[in-house]
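This document opens with one chain alone, in structure tokens, the form predicted on its own.
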Amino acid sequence: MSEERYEYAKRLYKRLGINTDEVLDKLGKVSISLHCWQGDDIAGFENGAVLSGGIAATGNYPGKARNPEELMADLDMALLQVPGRHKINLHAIYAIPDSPVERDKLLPEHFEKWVQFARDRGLGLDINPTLFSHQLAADGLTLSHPDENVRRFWIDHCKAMRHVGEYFGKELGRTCVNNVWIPDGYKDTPADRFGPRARLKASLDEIFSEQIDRKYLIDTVESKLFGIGVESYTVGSHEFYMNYAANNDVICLLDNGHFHPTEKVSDKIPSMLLFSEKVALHISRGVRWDSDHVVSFDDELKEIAKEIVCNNALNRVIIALDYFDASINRVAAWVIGMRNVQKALLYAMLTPHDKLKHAQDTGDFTRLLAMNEELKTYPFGDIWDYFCESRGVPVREDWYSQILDYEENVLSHR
């Protein structure tokens, strides 16, 4: 039935000049980085460290992963519901050493099990140094800390993770993205805003001083508006990282939960693309603040996808997810977010952007509005159903029954 509906939808979109077969081929090649930390509330494998640094996972839904084996099994179940071949995004705290290793001493060998996991499934791996939930980040400062010894620990940790990322790229044949995010800031109005940022700049300069082939590793830096305990001042602001990236051959990463609620990441993407080779995204859903809700197929997600697609930037925008919701089934949260990002990209690919741009450039705003409104009722869902069916994953809500079976037979026994 979905093939019959697809053929009808295909004919309708052809009238708009869109070849849906080509669209689905293109969508099938888009790789999204799935964040491992949704599966265990970003606890990691470091002796159950308590979350700190503005990080908080709310809820206590049963069945969270407690060890590498459970986390990998949950990732397997999630990816069975998602079309395509993607990547897994790791934090440093997900290293799997034989005995405890401090973060500044982590080596590629401590991630060998993840490389084997990814290789067996045709996946890629990304990495993030973990600059939170540690005794040396207890006061909310890391790379900008006034104590040189504290800064040295975190600098060495970030250096170590770049080598881990290079190892991922070489072993898996897919470029690894290494993303630096820090929790640094102050709860109340600071006496000195310049000094901490000067220290952060110096720390980053040392971290990125070693040249690593971009075939294997791409470095990104991620800003934040504020965090719990650092409400008045964030060292790594958007302005800081945007300028740092522009001057230091690294990539600026935009998390759509890390801005004022009236700001839209979708509006920032085309501006960044004018001046940057690449732009990186952490797609989340902030509700009033950076609350990391599961990604929804909402207007902003569709606008983000539109800006990527209509600017021919699928090979220039690096897409990853970043949220952690412990109030619902964690595996389902992965599936919902991944499928929604793919839906948004498909929706954008099924839009006749050239026709809409022409209407705008010729001042035909009546036609522009009329076309945009009519497109909303085109049979996009039939194209999505066929994409899922043709890629061997469940159609529509059928995936949820598999997650419920997994919950009953696996998660409920943890």
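Numbers follow the displayed sequence, beginning with 1. What you are looking at is a predicted structure, and each value in this text was computed from that prediction instead of being measured.
Only in words, not in the display: the form predicted together with L-rhamnitol, which the text now covers.
Residue in contact with L-rhamnitol in the predicted bound form (any heavy atom within 4.5 Å), chosen from K278, R162, R197, K224: K224.
Of the residues given (Y241, F153, W181, Y167), W181 alone sits with a heavy atom within 4.5 Å of L-rhamnitol in the predicted bound form. In the predicted bound form, no heavy atom of R285 sits within 4.5 Å of L-rhamnitol. The shortest heavy atom separation between I42 and L-rhamnitol in the predicted bound form is within 4.5 Å.
With a 4.5 Å cutoff on heavy atoms, W37 counts as touching L-rhamnitol in the predicted bound form.
Residue contact with L-rhamnitol in the predicted bound form: Y186 places no heavy atom within 4.5 Å of it. Using a 4.5 Å cut-off to L-rhamnitol in the predicted bound form, each of I55, H91 and D322 places a heavy atom inside that distance.
Comparing 266-274, 250-258, 202-210, 294-302 against L-rhamnitol in the predicted bound form, the single stretch with non-hydrogen atoms within 4.5 angstroms of it is 250-258. Contact annotation for 129-153: a single residue, F132, has a non-hydrogen atom within 4.5 angstroms of L-rhamnitol in the predicted bound form.
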